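In C-alpha cells, the next block holds one chain alone, the form predicted alone.
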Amino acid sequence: MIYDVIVVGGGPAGLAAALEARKTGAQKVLILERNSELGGILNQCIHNGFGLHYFKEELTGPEYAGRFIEELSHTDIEVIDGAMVLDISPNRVIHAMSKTRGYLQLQAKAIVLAMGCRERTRGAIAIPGTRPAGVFTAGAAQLYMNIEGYRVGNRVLILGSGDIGLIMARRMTLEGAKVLGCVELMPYSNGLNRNIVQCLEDYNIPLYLSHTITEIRGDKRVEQAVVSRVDENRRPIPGTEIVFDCDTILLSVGLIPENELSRQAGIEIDNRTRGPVVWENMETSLPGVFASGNVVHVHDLVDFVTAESQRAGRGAAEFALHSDKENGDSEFFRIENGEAVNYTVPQKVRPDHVGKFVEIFFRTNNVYRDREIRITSGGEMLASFKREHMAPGEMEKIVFPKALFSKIKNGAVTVSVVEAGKKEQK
C-alpha cells in the first residue's frame, strides 16, 4: 500500500503534522507510534502550563494532547500503535515491526520524522562514585510517579536545572519528599524563568549555580552526594565540597534528539542541534523526508512544536501531491550562527518556497540583558530586533521578511546577538 504521508511518532509533533497534512490535501495519512497510545511525553506531564500560545488557555500535558487526539478521531487518518520503525530507505520505504500486524513494509510519497528526544543519563556525564540504586533521569522519575504511581525517593537531590528537573522538584515536594536542592553546572539556569519561580522559589528549594555532583556514595541505595563549586572552566574547586545525605538523585542534564533513523537514512545532521539540517518547510536533506519537533531541536514550549510540525505537515502533503514536479537546483541562502548564537533553525532557505517571511528559531549561549538581535549579510545589517532579556533556556523566534531577501550577499545571512547600539563591523 502506498501512503501520501507517513508520520513516524504520535506525540505532539506527529499529531500536528498528520492533521495538517490531511487538511492540506493528503488523502492517505498514517501515524506509526511505538507506544500503545498516542500523546507521547505529554501523557506523563500532568502539570499545567501547556497551550498558552496555541489555545490561549492553560492546559495540562494530557489535556493538550487530548485536543489533537480528539480532532484526529474525526478524520480518516490511520494509526498503527505498538509499531517500531526499523529503517527508512532513500526512496521512502519504511520497514517496521508491529505487535499486531507483524513485519511491515510501507511506501510513502512523503515522510515526517517526529520521534522526539531522549534524556542524557549518568553514563553520558560520567559522575564518579559507586553505582547504587536511586539514580534516575528526571523523565523516568516522572513516568514512575505520574503514570505508574510510585514515589521514587524521600530525600532528593536534583542535578541540572532543565525544565523537567525543575518541575520534578515541585512534584516530589507535593508528594511528600524532601528536595534538598537543585545543582546546576552553569552560572545560569537552563529552565524557563516561570519554572524557576513556580517550582523552586515558591517551595524554598535552593538552586546551587556553578556547582556539580562530584561523587555519589552508597551501597545498595544512594546514601550521600558530594557537591562541589566549579570554576569558569567548569572544573571542581577543591575545598568547596558539600555533602548531602540523600536517597535519590534525579538527573536533568539535557535532551538529545532521537535521530538514529535519520542517520541510517543518510540525512545530514547539524552538529549543534544534533537534529537534521532542514529547509524553510522543515524538509531534510533527503527529498520528501521532513522533520519537526524535538527530533530537530529541543523545544521549551509544546506550542512551538505544534506550529513547526504543522509547517512540516503542509510541506509533506505538498510534496506528496506534487512529487512529479522537481525542485531542481533552486536558489537558496544559508542561515549562519553569529556572535552569542548557539544554533539556528532552519539552516537553509529557498526564497521561491517562502510566502511573506521566514521564521528563524535560535538559542543564545549565555544570559543577556538589553541586547539586539541582528540579521546581517556581507557586513550589512538587514534587520534588527531588541530584547530586554535572553537566556539559553528560552528559545528565541524572529521573523525575517521576504522583502529583504534581495539584499542578501554571498548566499548567506548571519544571526547575531550584540549589545544594543553597537556599530556593525564592516
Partner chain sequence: MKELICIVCPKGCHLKVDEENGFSVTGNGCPRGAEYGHKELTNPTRVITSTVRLEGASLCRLPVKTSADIPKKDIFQAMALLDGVTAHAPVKTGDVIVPNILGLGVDFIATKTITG
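Computed from a predicted structure; not experimentally measured. Numbering follows the first chain given and starts at 1.
Another form, the form predicted together with the partner chain, is not on view; read the next lines as being about it.
Asker: Among Q264, Q105, N154, N193, which has any heavy atom within 4.5 Å of the partner chain in the predicted bound form?
Answerer: Residue within 4.5 Å of the partner: N193.
Asker: Which one of V79, L180, V227, L301 is close to the partner chain in the predicted bound form, taking close to mean a heavy atom within 4.5 Å?
Answerer: Exactly one listed residue reaches within 4.5 Å, namely L301.
Asker: Kindly confirm or deny that T364, M395 and A420 each have some heavy atom within 4.5 angstroms of the partner chain in the predicted bound form.
Answerer: Per the other structure, none of T364, M395 and A420 touch the partner chain.
Asker: Using the partner position in the predicted bound form, report whether T214 sits within 4.5 Å of the partner chain, counting heavy atoms only.
Answerer: Contact with the partner chain, no.
Asker: Against the partner chain in the predicted bound form, would R387 count as a contact residue? Criterion: heavy atoms within 4.5 Å.
Answerer: Although the partner chain is absent here, R387 would stay clear of it in the predicted bound form, with no heavy atoms inside 4.5 Å.
Asker: With heavy atoms only and a cut-off of 4.5 Å, decide whether A133 touches the partner chain in the predicted bound form.
Answerer: Flag for A133 set to no.
Asker: Residue-level question: is R274 within 4.5 Å of the partner chain in the predicted bound form, judged on heavy atoms?
Answerer: The answer is no: R274 has no heavy atom within 4.5 Å of the partner chain.
Asker: Just one of 216 to 224, 199 to 207, 284 to 292, 332 to 340 has heavy atoms within 4.5 Å of the partner chain in the predicted bound form; which?
Answerer: Within 4.5 Å of the partner lies stretch 199 to 207.
Asker: Using the arrangement in the predicted bound form, list in sequence order the residues of 60 to 99 with any heavy atom within 4.5 angstroms of the partner chain.
Answerer: Residues within 4.5 Å: T60, P62, E63.
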